[in-house]
Structure formats: structure tokens, C-alpha cells
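Listed next as C-alpha cells is one chain, alone, in the form predicted on its own.
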């Protein structure tokens, strides 16, 4: 099969959702155009932005960092060591190796040193690991960006991620979540840094192909803490539909993002559903929050108390 674009080279990537197949060079051009068009359409980034790219060692975040650097954005990487035995070490190795290949030194946050490694925190507070991980990551994304004077935080969520989240929110009629779901969450004057998802137009398969063909070495295994994540069920359901009706994902998500959609209020609806007024400084750490104490500090206090109870001598 010949490349649809150049009509000369053999196709290396077949994309049924676009009714196209591309050779390696044309696929790179196609992929970067998809990302840059997604950035342009929703005004996610400006040329003068300082971008903090949150990298996990997986394909999506490393590919995002690669594309943004190739497009000329000023970027730095942030890796959060979750403290997951084995997996976190392998992920960190991939991040450091990639960063070195591009002349970068990523910012590293070690949750064990912060006193809240994810596996232990989950045991202490008896919450799902993914819920705890999301809270902790969001906290450090914003804190590192604010302290480092970055203008925007970028994450590697792709089309599969966003449509799985959308399907879950629709199935459960999570109207508040639906109202806020968008590839852009604006910042605030009170210290919340703008957050963007530049890969919203590209699928997981396309991102994996880009990473493989570009020679980016990434972690291929799923996080062991995500085995029971409901998002994987939604992804599988959408994959089955996509196989039968290529292009369904992008039509589904673009339709949701249409400004006329009454379920979505748009990027300006970035505040949590229970937010009242404007963000204030957390009484414990100073981070912006809509409560007296931010969710990260409340969780960390619960972990501290659980440790104290375990360490306390048993009375006889």
C-alpha cells in the first residue's frame, strides 16, 4: 500500500479513522499537524508560553514533550515518582534517558520524600489508588508550575483518554464533570496555572506509532495500580465501536466540544463543582483552594494520623 500523501513510499501506518495510510515521514507531518491544529483551534498555547510538560515515562507524555520541543515551545519536564515498587523506577529511567537525549534535565518530585507515596497513602486512607494519585498529581503540577513561573501545564491525555472520560460522565450523568470537561482549564489570578491537553485530537494508536517510529523509548506496561480502573472499561467499549465504525471517537468528542452543546459550559467552568467564591490560600501550605485546607493537605494529614495509630503501642 502506498502512502496517501506522497504516493511514492510504502505506507508504514494505516489509519482507518482518517481513511488514510502514511509513510513514516508523512505520518510525522500528519501527526504534528493534528497536534498543532488542536492547539490552534482551542488556543491552548501561545508562542511565548513557558510550558511545564508532565511526563510519566509512557508514550503519550514523552511524545507530547517531543512534539512541543520540535514545534519550538520553551518546555521543561516534570516527573512525579509515585513510589510504586519497580514500576516507578522503570518509568523514571525512561524519562531521564529521553530527557538526556534532548539535552534536558527534568524536574523530579519524589512522593516518598514528600511523605505520601501512593501505595502507602491508599492503604492509610482506604481510597482508590487512582483517586489519590489524581489529587496528588494535580497538586504538584500546579505547585511546581507556580514556583517555576511556568505559564501553562501540559499533560499527555489523548483522544482515547478524553472520550473514555466523556463516556463515563455521560453514563453516570455527571453534569458538573461534563460542564468542566475540556482540553483547556484556564488559570486564575489566585495561583491556579492554566492546564492544557494538546493531544486531544490524536488517538492512542497514533501516539504509540509516532513514539515507535521516532525511536522514543517508553514504558509499555500499564500502571499496576490501574488494573481495576473503570476508565479501562470505557476505553475497551469505545475501541470495539471504533473497530466497527472508524472515526467514531473524534466525532463523539468534537460534537461534545461544540459550543452549542448545552451539557458543556466551556473552559471558563474550571472550578470544582462545590467551589464557592474565588480560590484562597490553603491554611496549611498556601496553595490555592476553595476550602480552608486543600485536598492534598487534608489527605496528607489523614496519612499522618493513620501512621501514628499504627505506630502507637497497644495497651494491655
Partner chain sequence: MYNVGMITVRLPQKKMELELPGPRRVMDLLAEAGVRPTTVIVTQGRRLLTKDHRVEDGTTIDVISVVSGG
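All values derive from a computational prediction rather than experimental measurement. Numbering follows the first chain given and starts at 1.
This protein has a second form, the form predicted together with the partner chain, left out of what is shown; the following refers to that one.
S.K.: Under a 4.5 angstroms heavy atom criterion, identify the one residue in 301, 25, 14, 292 near the partner chain in the predicted complex.
M.R.: Contact residue from the list: 14.
S.K.: Tell me, which of 208, 84, 178, 109 has a heavy atom within 4.5 angstroms of the partner chain in the predicted complex?
M.R.: Selected option: 208.
S.K.: So, residue 89 and the partner chain: in the predicted complex, are they within 4.5 Å at any heavy atom pair?
M.R.: Residue 89: no, not in contact with the partner chain in the predicted complex.
S.K.: In the predicted complex, does residue 131 come within 4.5 Å of the partner chain, counting heavy atoms only?
M.R.: It does not: once the partner chain is placed as it appears in the predicted complex, residue 131 has no heavy atom within 4.5 Å of it.
S.K.: Looking in the predicted complex, any heavy atom of residue 218 within 4.5 Å of the partner chain?
M.R.: Within the cut-off, so yes.
S.K.: My question is simply whether residue 123 lines the interface with the partner chain in the predicted complex - judged by any non-hydrogen atom within 4.5 Å.
M.R.: Taking the distances in the predicted complex, the answer for residue 123 is no, it never comes within 4.5 Å of the partner chain.
S.K.: So if I measure heavy atom distances to the partner chain in the predicted complex, which of the stretches 97 to 105, 230 to 238, 144 to 152, 73 to 81 falls within 4.5 Å?
M.R.: Answer to the contact question: 230 to 238.
S.K.: Looking at the partner chain in the predicted complex, which residues in 41 to 66 have at least one heavy atom within 4.5 Å of it?
M.R.: Counting only heavy atoms within 4.5 Å of the partner chain in the predicted complex, the contacting residues of 41 to 66 are 59, 60.
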